[in-house]
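Below, in C-alpha cells: the form predicted on its own, a single chain.
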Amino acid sequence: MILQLAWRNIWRNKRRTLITISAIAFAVFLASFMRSFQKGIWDSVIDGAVNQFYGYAQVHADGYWDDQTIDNSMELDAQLNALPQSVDLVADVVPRIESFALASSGDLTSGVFVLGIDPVKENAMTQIADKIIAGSYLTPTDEAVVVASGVAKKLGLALNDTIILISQGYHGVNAAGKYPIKGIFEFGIPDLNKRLLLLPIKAAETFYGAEGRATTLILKINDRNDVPMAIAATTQQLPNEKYEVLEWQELMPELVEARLLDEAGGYIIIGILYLLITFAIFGTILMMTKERSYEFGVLTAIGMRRRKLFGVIWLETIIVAMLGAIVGILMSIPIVYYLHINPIPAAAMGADAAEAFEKFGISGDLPTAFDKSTFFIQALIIFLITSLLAIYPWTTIMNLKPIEAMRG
C-alpha cells in the first residue's frame, strides 16, 4: 500500500520527476564510463609492464629483493622447476640471472644490466624476439649477446662487434668475458633501454661462476585474477625460510603509486559530479516537501503516524533516485561492453600517443574494463546520497505542527 502510494506521488509532477531522473542517469552514465575507461587503460599499462619484463609474480631466495646481489641467488633445484606441475595456475617458470657488469668497446665503457635468460621461455613470456631491430635473437647455446639500442649507441656498437664484460661473480669470483653482438633490440622501458644486455642463461652461469643458479624465477600466470591464488599455492609448496614470493605490486611500487595518484584525480572529478547531483536531488526533495506541507498537516491531523508518513516520502525519493541510477547503468553497460570488446585505437589520439603506448608494451588500443562492481557502486552511491538527504523531510515531518501546516 505504501509503495503504491509512493509510486503515484512521484508522478504527480511528471516534469520534475523526469528532469531529476535524467540528471541522475546522466551522472551515473558519466561516472560509470569514466571509471571503466580509466581502469581499462591502467589494466593495459600493468599488463604491458608485466608481460614486457617483470611478470605477475617472482620467486627469489629469501632476502634477495632487499639486497639484490648474485651472492643471494638460489639453486634451481627440482622443486622450483616442478612448480608448473605442482601449482595448476602457474603455466611455466622463467629463470633469470640478473646482475651488473662494466661493459667496454674500444675506448668506451659503461655500466650495463646483464640479464641471463632462457631464450625460449623468455620469448614465450615477453616476446623479446619481436623487439629485435638489427641482427637476430639468441639461442640457448649461443656464446653471444644482444644489446638494447641505448647501450649500442652509448658504446658505438654494431652487429658482430665484440663487447667486453667485467664484473664480480658468485662468492667473489672474477667475472670477465668477451662476446660478439648478435642482435640489437629496442626495449619499451626507457631506463632499461639505456643499459640492458641479454645473455643466454648458460653463458651467464659460466660468466658469473653460478652454475645451476638463478637470482629470479618468474611465475608465468596467464590470468591476472589468478595471481593471489597462484602465489598462495606457490608459497605453500616452498619453504618460507628459504624463498620469498613477491606479487607484481611489490615489484613495481612506482607503477602502483602512479595508478593511485591518477585514480585519485578521477575520483575527485566523479565526486564533483555527484556533488552536483546531490544538489539536484536535494532541490527535488526540498520542493516536494514545501509544496506538500498542507497535505502532511492533513494526514497528521487525521491520525497518520509521522514515521509512516516519512516512510512514504523516503520511498518516493529512493524510487526516483534508483530509477535514475538504473537508467544510467542501462545506458552505460552496452557502451562500456562494446568498447571493452572493441577498444578505441590509440591512433585516434594522435600518432605520438600511439607510439608512446606501444613503447610501454600496450597493444595500441584503449579498452574499457567491464567490471560489474563499477555499475553496482554507482547505484550504491546514489542510494547513500538519497538516504542522507532524507534527513531533511524527516526533521520537517517530525517537527510538523498540523494546524500551522494546514493554514499555510
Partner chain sequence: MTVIKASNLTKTYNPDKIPVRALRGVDLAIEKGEFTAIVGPSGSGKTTLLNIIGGLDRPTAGEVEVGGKDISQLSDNQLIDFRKDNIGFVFQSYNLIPVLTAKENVEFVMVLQNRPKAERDKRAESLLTAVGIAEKMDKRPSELSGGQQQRVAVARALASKPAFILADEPTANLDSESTAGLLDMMATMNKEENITFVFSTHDQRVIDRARRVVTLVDGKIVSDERR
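Positions refer to the first chain, counted from 1. From a predicted model like this one, the values you see are computed outputs, not experimental measurements.
From this point on, the text means the form predicted together with the partner chain, which you will not see here.
Peer 1: Taking 4.5 angstroms as the cut-off for heavy atoms, does Ile268 touch the partner chain in the model of the complex?
Peer 2: It does not: once the partner chain is placed as it appears in the model of the complex, Ile268 has no heavy atom within 4.5 Å of it.
Peer 1: When the contact criterion is heavy atoms within 4.5 Å, does Arg224 count as touching the partner chain in the model of the complex?
Peer 2: Contact check for Arg224: no, nothing within 4.5 Å of the partner chain in the model of the complex.
Peer 1: With heavy atoms only and a cut-off of 4.5 Å, decide whether His171 touches the partner chain in the model of the complex.
Peer 2: Result no; His171 lies far from the partner chain in the model of the complex.
Peer 1: Answer yes if any heavy atom of Glu250 is within 4.5 Å of a heavy atom of the partner chain in the model of the complex; otherwise answer no.
Peer 2: No, Glu250 stays farther than 4.5 Å from the partner chain in the model of the complex.
Peer 1: Answer with one of Val298, Ile166, Ala134, Ile335: the residue that has a non-hydrogen atom within 4.5 Å of the partner chain in the model of the complex.
Peer 2: Comparing distances to the partner chain in the model of the complex, the residue within 4.5 Å is Val298.
Peer 1: Which of Arg306, Lys178, Lys202, Lys153 has a heavy atom within 4.5 Å of the partner chain in the model of the complex?
Peer 2: Result of the distance check: Arg306.
Peer 1: Among 102-110, 126-134, 287-295, 236-244, which stretch has residues with heavy atoms no more than 4.5 Å from the partner chain in the model of the complex?
Peer 2: This holds for exactly one stretch, 287-295.
Peer 1: Out of 377-404, which residues reach within 4.5 Å of the partner chain in the model of the complex, heavy atoms considered?
Peer 2: Pro402, Ile403 sit within 4.5 Å of the partner.
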